[in-house]
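Given next are two forms of a protein chain, the same chain in both, each as structure tokens and marked structure 1 or structure 2.
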Structure 1
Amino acid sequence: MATAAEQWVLVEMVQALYEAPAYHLILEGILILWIIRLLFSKTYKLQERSDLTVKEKEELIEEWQPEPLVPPVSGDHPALNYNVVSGPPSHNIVVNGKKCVNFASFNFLGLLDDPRVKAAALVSLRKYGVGTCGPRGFYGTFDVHLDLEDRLAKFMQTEEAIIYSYGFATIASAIPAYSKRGDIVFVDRAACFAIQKGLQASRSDIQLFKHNDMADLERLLKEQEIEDQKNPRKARVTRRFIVVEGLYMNTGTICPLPELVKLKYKYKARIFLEESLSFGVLGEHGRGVTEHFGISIDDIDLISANMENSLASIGGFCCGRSFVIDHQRLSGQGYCFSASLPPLLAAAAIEALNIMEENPGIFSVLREKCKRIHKALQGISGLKVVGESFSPAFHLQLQESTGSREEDVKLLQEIVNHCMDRSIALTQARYLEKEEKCLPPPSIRVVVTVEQTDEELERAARTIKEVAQAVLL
């Protein structure tokens, strides 16, 4: 039955073909041909692709002109021609052939040319030679390094310390060892360049708060808290850090540590504290800003400082609890991948620590001197003093900017040069203007050391006052 029905359909179809008008057949034929063409033609392109020919490529390569490797530097660039110091950069310094009293090097405790420090370094040199010829991992760990780490940990009353061979690399390596992509770092706008580079290397999310403004910090922390509540899963793995300096290199001001510690526990963020200026300066025993405020050092997760200021050696260190610090021994880039600190520099740092421990009075002497010059420098027309009265490094800024940074720098340089002529060695604080996140205004940085006598401090203040008057008025 089925076959009969099929045959009938076929007959009907043939009949329909005969009956259909010619134009219809022609149209259908064209359509069928069209379908076949579509089936066999290539897929259409959105745009015509035209690969470059070898010749065209060669022409492009020929055509390309790169920028020069470095742009030209004009011969009178303010930073091109360095001051040349002949002989040791200690209390009495010879700058560009002129004998001066040094108010520019961070030799706060005058340990740079201390005979005991030199003697200790010399003993080390005679035993170990100069270089270490290797990173810490590969036979570059000397017994002196272990001693120094031990001594620093004891001095700071922490569990562990770790030393780096370069001050700048210390905090710049420590931050990315902990803070990774996706973590959040709250950092003061005035933070020094080493911190900025560390943050950049960490690729974390960076939140800047106004300099020493705890309300602003709390606002950011609160905002983050609200953000966290929206996405609790993410919040559980997002580490939060607050990075601050003890005494700020760029402003000479101190951080409000007690408030920071309160915020730390309230919002569960860890504190990293950079103490390059405050270590060996603040506090009864020179332990820095924690001792200054009487805050337990355990409340701070990580303290970093360099050994290039108070200790007058080279290198830097981090200290804190072993749980935190030990991690850097495998993750601190500047620690793992760099040659270790020359043992003579480590030995010098140990001796400097000895001297600091034996004469705790030295810190109050330094503070007295700071206060003295700070007071003497008040009320100079045209210049303002920026920084704490107990900070051994503070800034002199123009009261009124001329409107252009270049002009300001020139004016200040003139003051520095005149002071140099009158045997007071000063320097402007130098910055990479295009690289700084928040560029501080131009300033002269005055550094106080224990070696400066009261008479020298008075003379320096007087000289600056007179020169500023002559230059600015």
Structure 2
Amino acid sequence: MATAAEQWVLVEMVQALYEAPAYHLILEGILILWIIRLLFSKTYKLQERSDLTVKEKEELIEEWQPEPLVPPVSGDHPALNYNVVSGPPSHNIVVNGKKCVNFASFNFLGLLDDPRVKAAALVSLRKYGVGTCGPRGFYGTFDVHLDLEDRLAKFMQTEEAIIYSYGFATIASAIPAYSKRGDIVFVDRAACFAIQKGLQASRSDIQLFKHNDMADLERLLKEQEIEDQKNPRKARVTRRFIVVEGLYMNTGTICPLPELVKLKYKYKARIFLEESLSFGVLGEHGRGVTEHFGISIDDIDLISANMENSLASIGGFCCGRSFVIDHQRLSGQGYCFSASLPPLLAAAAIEALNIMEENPGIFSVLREKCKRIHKALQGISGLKVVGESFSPAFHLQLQESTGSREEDVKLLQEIVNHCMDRSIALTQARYLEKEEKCLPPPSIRVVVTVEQTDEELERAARTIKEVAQAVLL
């Protein structure tokens, strides 16, 4: 019986062999031959080599030249020839022994040398000491940190806030805390370097849209929507983020927040808003671009800003809903692994907030001064003003490039140096040229503060015009 069954199976196999397509038989034949070859062939071949003598080895070692650890840098590189500041970089600044009016430091509200801020920092210094010597989770949380977080949350009218000890690390830590591999981030091409580092750490899929171009952003969002329809299962677990700045550090322009909010709800994305330049500048009470446009804070998923500009302290903060902020306490790298903010700087930031709340008119004063110098700088021969008229940090770029970035930088530096000789302190915007995703053109950055008088603003504009005409024409 068993023999009959085996014969029947054999017959079926032969019949199936006759009925199989020719290409199927050919493919099977090739696979059988390949398996036979693998079984009988050697996995590797021993390479014949001749042993070198001791003398030959020494000669080879002597001839070998290792690659340099870092690329060569010229001795006149700006990073190696920095200006030395003596005293506080407030309204007047002493640079390389020369007293100048400060148009370079981001001391927008003039609080860096404020007596009240310094007094609060001194009291805290005597109580807590200089530093913290530990992250927030390891005996690095002081009561003054909790007070500052509470004050920032109330000031920004959000549920909760979290502070970081380093401004750059704030947004660079916040982005990878939420956006992971497989998520999609739509980001403006003019985004600052801190945002770029956060995106790099997130390992997400990065989609760049043209600066402040909402049509280009919507095009990318539509393309992604079409891709999501092809694979709904993947789309359900893919998060989409839009990352922008309130006032852009690299351009001085404001983001079109109302249009961004519309796109957010239309395409179901989350908005991360970096407000280091706009916090303490825009809005009736200095709450930033949301207050400037009258946008509800609840429409923004996360707001980030540093405390190194308007608050004249160190570090940064994020604010938003409690469940969003609490997640950073578990996964924000700059929060979890860096020593916490020195208490004296937290106390200084709290006192700066007190001054901002007591004197809301300071923000309109700052904006008027910005408009004044912005208008005075129009029509400079060879230079163009880049940035909003109400931005306290804007750029002067060459109207026509020489065709060489190096030569452009030298021309602008010559203008900066001549202005310094005439007691106006300016600086060029600096970039890590090989690491920038979209390298901005060379520029002189002009920073406005409430401490600068109308006469000083006019003098600075007049000096820049005269120097630019002498250098460029």
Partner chain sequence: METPKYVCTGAFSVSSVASCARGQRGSAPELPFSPAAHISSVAFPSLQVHHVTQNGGLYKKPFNEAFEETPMLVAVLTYVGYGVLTLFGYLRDFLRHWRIEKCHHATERKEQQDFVSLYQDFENFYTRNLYMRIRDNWNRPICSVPGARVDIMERQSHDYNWSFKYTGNIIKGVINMGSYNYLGFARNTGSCQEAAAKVLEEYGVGVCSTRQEIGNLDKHEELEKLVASFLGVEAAMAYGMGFATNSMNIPALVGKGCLILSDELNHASLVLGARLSGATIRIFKHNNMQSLEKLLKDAIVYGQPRTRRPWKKILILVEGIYSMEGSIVRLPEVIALKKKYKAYLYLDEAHSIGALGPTGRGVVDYFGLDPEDVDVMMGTFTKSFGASGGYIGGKKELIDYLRTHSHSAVYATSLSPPVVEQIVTSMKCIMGQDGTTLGKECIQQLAENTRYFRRRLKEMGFIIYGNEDSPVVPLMLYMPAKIGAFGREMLKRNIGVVVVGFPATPIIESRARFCLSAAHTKEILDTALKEIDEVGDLLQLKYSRHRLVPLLDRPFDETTYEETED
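On a predicted model such as this, the values are computed, not experimentally measured, just so you know. When a residue number appears, read it as a position in the sequence of structure 1, where counting begins at 1. We call the rigid core the largest set of C-alpha positions that still match within 1.5 Å between the two forms.
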Of the two forms shown alone, the one predicted on its own
2
Is_shifted E435 between the two structures (CA, 2 Å cut-off, rigid core)
no
After superposing the rigid core, is the C-alpha displacement of E407 2 Å or more between the two structures?
no
D421 C-alpha moves between the two structures by 2 Å or more, core aligned:
no
Core-aligned Cα shift of P66 between the two structures, given in Å:
3.4
In Å, how far apart are the CA positions of E28 between the two structures with the rigid core superposed?
28.5
